[in-house]
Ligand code: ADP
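Single chain ahead, by itself, as C-alpha cells, in the form predicted alone.
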C-alpha cells in the first residue's frame, strides 16, 4: 500500500509535473488554441524529461549508497603513523616512483625528499633507482648495498619491496613500493677493526719468531762451537720469548676484559695499597733508569668497587710507561686523593706524571688504540706490546671510571684515572684504620 505522500512527496515531483502538463494541454486543445498533433508532441517531450530526471536521481542515489573504497593517498595519516614508529629510514612510493610518505630518519638521510615528487630526484643513488626498476618489473623484493662519502664515510643496505594492496583503489591498482634502509657503518667499522687487529697481532708475533728462528739456525750452524756467541744468542732468544709471552698474555687479558666489560666488578680494593705495591715492584726498574718515584697519598684508604688484579694491571702499565718513556725527567710523581664526582658521589683520583719529552698533541686521541705507538722503534726496544694503554682504557671503563691523558711537549705527560668509591667499604676500612 502506498504511503499518503506517495503522490505529493519529494519523490513524486516528476509525476506531479506530468499531471499538470497534461491538464494544461487538454485545456488548450479544448479552447482550440493548440492542435491535437502539437499537443501529443508536447506530452511526449514532458514524459521524456520527467523520465530522464527520475533516472538520474535514482542513479545518483544508488552510487551514493555504495560503501566508500579508500586507497592510500599522499600524506595518508595511517601510512604516516605506521612508518613513523620505525627506527630505520622508510619511504613509501607508488609504482611510478613518486613519494607518498616517509619517516623522520628518511628525511634526515635525504633532506630533498618531497611528497608527490619522484624519489630518484632526492635519493640520487643509482643502486636504489636500479633496484626500484627491477622490483617493479619483476614484482619481487630487491636488496642492494651502497656507500656514501659525504659528509662522512657510511655504508647502507636498502630493501625495495613491492606491496600488493588487498583492496584496489583508483591510482593504486598496481600497488605500492616500500623502501627501507639500514645503516651498516657500525658493522663495517667493527669488521675493519677486527681485520686490523689480526694483522697487527700477526705482525707483532712474527718479528720475535723470526729472530728466534734466525738465532736457532745460527747456533746449529756457524756458532755451534762458539761458547761466547752461544751465551749471547741464548740471552737474546730469552728476551724475544718473554716478549712473545707478554704479547700473548696482553691479548688474552684484553679479550677477557672486553668480554666482561658490561659487568662491573663486585669486589672491593684499596687503590692506595695497590699503587704502593706496584711502585715497590717497579723500584728495580726505577733504579736502573735513575728515576725517583714520589707518592703522595692520604692516610686513609681509598676503597673502590673493583678487581684488585685488574687495577694492579692498570697502574703497572701507567707507572712502567712513565719510567720507560718519561724517565728522562728523572722523576715520576704519583698523587692519590679523594674528590667529589659530578653526581655527588665520591671518587678516587690517581695521577701519574712524568717529566720526560712529552707526547705530540696529534697522537693523544689515539694512544689507547690497540697496537698504536708514538715511536714504534723505541716502543719495541723497551719491550712494549702496543696493548698496554688499550688494556688500561678497557679496565677503567669496566670499573665505570674515566681515563684522561694530557701532555705538553718538553714538559712530560700526565695520566689521570678516576674510579668511583665504595662508600660502605670505605667507612668500614676507615674505622679500622682509626682504631689501629
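Here the rigid core means the biggest group of C-alpha atoms that line up within 1.5 Å when the two forms are laid on top of each other. Positions refer to the first chain, counted from 1. Not measured: the values here are computed from a predicted model.
Keep in mind that the form predicted together with the ligand is missing from the display, and what follows is about it.
* Give a yes or no on whether each residue among 325, 374 and 389 has a heavy atom within 4.5 Å of the ligand in the predicted bound form. => Each of the three qualifies.
* Asked: Which of these residues, 162, 301, 329, 358, gets a heavy atom within 4.5 Å of the ligand in the predicted bound form?
  -> Among 162, 301, 329, 358, a heavy atom within 4.5 Å of the ligand in the predicted bound form occurs only for 358.
* Asked: With the ligand left out of view, which of 321, 142, 180, 268 would have a heavy atom within 4.5 Å of it in the predicted bound form?
  -> None of the others qualify; the residue that does is 321.
* Flag residue 367 as yes or no: does it have a non-hydrogen atom within 4.5 angstroms of any non-hydrogen atom of the ligand in the predicted bound form? => Yes, contact at 4.5 Å.
* Indicate whether residue 413 is a 4.5 Å heavy atom neighbour of the ligand in the predicted bound form. => Flag for residue 413 set to yes.
* To do: Select, from the options 110 to 118, 358 to 366, 269 to 277, 82 to 90, the stretch whose residues sit within 4.5 angstroms of the ligand in the predicted bound form by heavy atom distance.
  => Contact-bearing stretch, as computed: 358 to 366.
* Asked: If we fit on the core, is the Cα of residue 97 displaced 2 Å or more between the shown form and the other one?
  -> No, shifts by less than 2 Å.
* To do: Please say whether, between the shown form and the other one, the C-alpha of residue 208 moves by 2 Å or more once the core is aligned.
  => For residue 208, whose C-alpha is compared between the shown form and the other one after core superposition, the shift is less than 2 Å.
* Core-aligned C-alpha movement of residue 246 between the shown form and the other one, 2 Å or more -> No; residue 246 is a residue whose C-alpha shifts by less than 2 Å between the shown form and the other one when the cores are overlaid.
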